[in-house]
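Two forms of a single protein chain come next, each set out by itself as structure tokens; they are called structure 1 and structure 2.
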Structure 1
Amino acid sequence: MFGRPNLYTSYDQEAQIFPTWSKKIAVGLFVLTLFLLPFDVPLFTDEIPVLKSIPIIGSLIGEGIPLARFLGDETWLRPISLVLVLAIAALGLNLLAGVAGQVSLGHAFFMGVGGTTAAFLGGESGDGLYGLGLPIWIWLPGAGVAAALVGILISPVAVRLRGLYLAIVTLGLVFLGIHLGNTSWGRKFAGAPGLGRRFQELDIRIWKEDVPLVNVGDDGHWLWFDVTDNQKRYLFLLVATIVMALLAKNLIRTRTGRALQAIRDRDIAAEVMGVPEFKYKVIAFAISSFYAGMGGALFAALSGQMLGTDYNLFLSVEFIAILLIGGAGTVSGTLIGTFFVVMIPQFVEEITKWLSGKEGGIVGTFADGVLAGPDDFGVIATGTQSPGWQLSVFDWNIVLFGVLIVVFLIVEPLGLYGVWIRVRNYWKQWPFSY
């Protein structure tokens, strides 16, 4: 109802993912923007003579205005695609840690299982490597299923532990996965340590034909415009992320999702009320591992190389940062946190490059005090080598993650999602304070 947007007349209306028209329109425009992100979208044409008389708008006619242009550039499409890949894996950890309340530091291990399985199912055999050369509709879900089966095998031990003990056990899985990848048996699937193996493209085939049904790995021509391989990968990953996000959101709203939340809030009380704790914890591990497996396969497909060392401890910690900064237990917070954690280092690097070229004035003085070469005083080193008291841009990004985790845990436990809730509620209540 337009006059009373929060007035629900049925349970079905209230249970919708987007219960109001304002939310539906906002999400629809946002998704449309994401699909148009890599392309230049002309907003005006020569067929509108009235607009040509306006000086500012008239100068834009015939040229068009790129939509969110800087994020749609080829140089930015790769980190944006990485956001989509890690968002899929982060959604799985959110279901396990944020919804079910099971702390896990081994998410990278299940991503490695998915990546290795996908390399075996979709890769070609030869040079001491195993591969079946199957199409993507087999190796992509197969990566998730393999990771889910491993999660089910591990879950009987993990579900009997809580808190720090569960975190230490899952942490050991990461080191176990790295060791298995370095063995002679693991090299048959993941390739030699430090070299890996070439990962297959995201081309869509019916079986093993030479010409794919949809070519994603090469430049092409769609309708009336040219598309690059990066744009194709971005659109493929965007569709996959939207599908997995909708599945995760709907899962939280089901009986299984409510049972997982009950276990998270108070597991003993949930079991007294008839919620089988062991069963639903195993389900949580399986679903989380499935998401991680698919994310690991897409992670390798995006990089083009299967490297077992990429699925390391830092990647697991990065997922913890995503949940804590974005907001654990919510799909929106997970997506926001993934964008923030992945893109902030890119923004910091670009700002550092911009500051390094400034001389004189307030900005130049600030840059001289912050940035420095190996022999200067600044705290951020811009050279290849730096003394012990200077940190590189990469090191400062790690420090920034640590500071943000501490700040959000103390100030805003719900993360960026909680900040958004505060802003939204403020404007709903304005100009009243209650």
Structure 2
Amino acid sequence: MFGRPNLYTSYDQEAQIFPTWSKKIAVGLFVLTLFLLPFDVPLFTDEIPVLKSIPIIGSLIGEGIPLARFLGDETWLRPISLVLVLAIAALGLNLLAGVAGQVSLGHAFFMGVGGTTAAFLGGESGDGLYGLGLPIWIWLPGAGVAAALVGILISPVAVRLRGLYLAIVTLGLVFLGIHLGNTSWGRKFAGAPGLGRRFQELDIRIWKEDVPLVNVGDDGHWLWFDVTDNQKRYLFLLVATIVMALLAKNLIRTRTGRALQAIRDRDIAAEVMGVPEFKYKVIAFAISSFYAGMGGALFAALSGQMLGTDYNLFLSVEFIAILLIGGAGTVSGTLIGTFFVVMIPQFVEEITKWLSGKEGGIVGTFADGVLAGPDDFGVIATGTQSPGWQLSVFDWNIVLFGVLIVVFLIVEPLGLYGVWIRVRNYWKQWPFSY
């Protein structure tokens, strides 16, 4: 069965998510790498002298293979954890916008509903705050359910609207959500405006006992590893993301998923095929909001704080960028899109940093032309502030981010998924160019 990827002997086999052994192994290895990412895996470090003595590999390893170690110093753990959290929420929007074709700018609102609910269910009550202190297995799904209920509540309006009308009405939800958080009763749930409220740790408890069953909030020791709280949180989020992604994938490829796609593509025809439009749009809103709610709760958990104004328009817009860059409609596209949107600013930052660090050589000369130090000209000011038209590196990061979005979409309007299709088509035809 190896090496014959297109031969299936039963529908069951073909219907598996990763139908071939080679795919299963590749995905398995990838997931394993994801789990090992935050640790110092001995195999890859210089602790094994045999590896080091091999000429080329030895020099490559140096202080350990970077991939397995690059999360080691925890600096990268937070952005990657953020990727995982946003990916969960993005999966929801992908179901709504990518699969069912209902573009919503209100995703941040549903995340806010989830975050607030989770803070209420799982947080402690105190100084003008309501909280029930319930364990995670209640507050995490509870966040999703509450958001889903709100989603169902607004769907009678939303279902009748199309395209940009829907997008802008849902945009209104974001403002409404922040407004509600500011009201005298809203802040008892969502926390004070400006400061928010402290958000509970991801510790797993059976009920309200003091010592958690699984402690995620503090450093500790798991199996053979010393794990920091950051690493634990990463692993927890990784598991959650994988589970949610699998659920989404299954949903898309079965009856409900097809119904949603049918509505997206041709709504009247879908109805004539026996797919009740209203019902399925409501389902789409509910499931999407459920994902958003869970994502919103985990988003607050990652920040350690529930802050109403964090669930703002820009967050919503970020999801739209995720869908577009990843390519709407697919689970893998959503995951990759999230990775890119969260990490691009980081990469941009690295690039400008790298540029400004060089002297001489091609890069150095280029950097000299583009970057303005305290006394010379150039468009990018490396000092944090120069008057007039010169921008700080940080402003340039943002400009570059904006420009990247524009250029990327001009070059590849279908997003990374489009790139993938292109590459695949190319290799399918290879070595014949036509």
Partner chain sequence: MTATTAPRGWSYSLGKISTGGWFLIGIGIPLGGYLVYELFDDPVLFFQTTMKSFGLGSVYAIVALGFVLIFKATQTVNFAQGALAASGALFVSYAVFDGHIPFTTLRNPLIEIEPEWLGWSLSVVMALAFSAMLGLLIERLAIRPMVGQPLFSVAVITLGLEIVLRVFNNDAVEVDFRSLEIPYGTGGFTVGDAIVNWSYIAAMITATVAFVAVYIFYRTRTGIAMRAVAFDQEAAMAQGINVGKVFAIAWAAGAVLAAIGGIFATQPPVKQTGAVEPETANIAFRALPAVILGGLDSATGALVGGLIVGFAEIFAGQYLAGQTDLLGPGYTLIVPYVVMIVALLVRPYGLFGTPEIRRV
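In this text, rigid core is short for the largest set of C-alphas that superpose within 1.5 Å between two forms. Because the structure is a prediction, the values reported are computed rather than measured. Residue positions are counted from 1 along structure 1's sequence.
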Do you think the form predicted in complex with the partner chain is shown as structure 1, or as structure 2? 2
After superposing the rigid core, is the C-alpha displacement of residue 29 2 Å or more between the two structures? no
For residue 408, tell me the Cα shift between the two structures once the rigid core is superposed, in Å to one decimal. 4.7
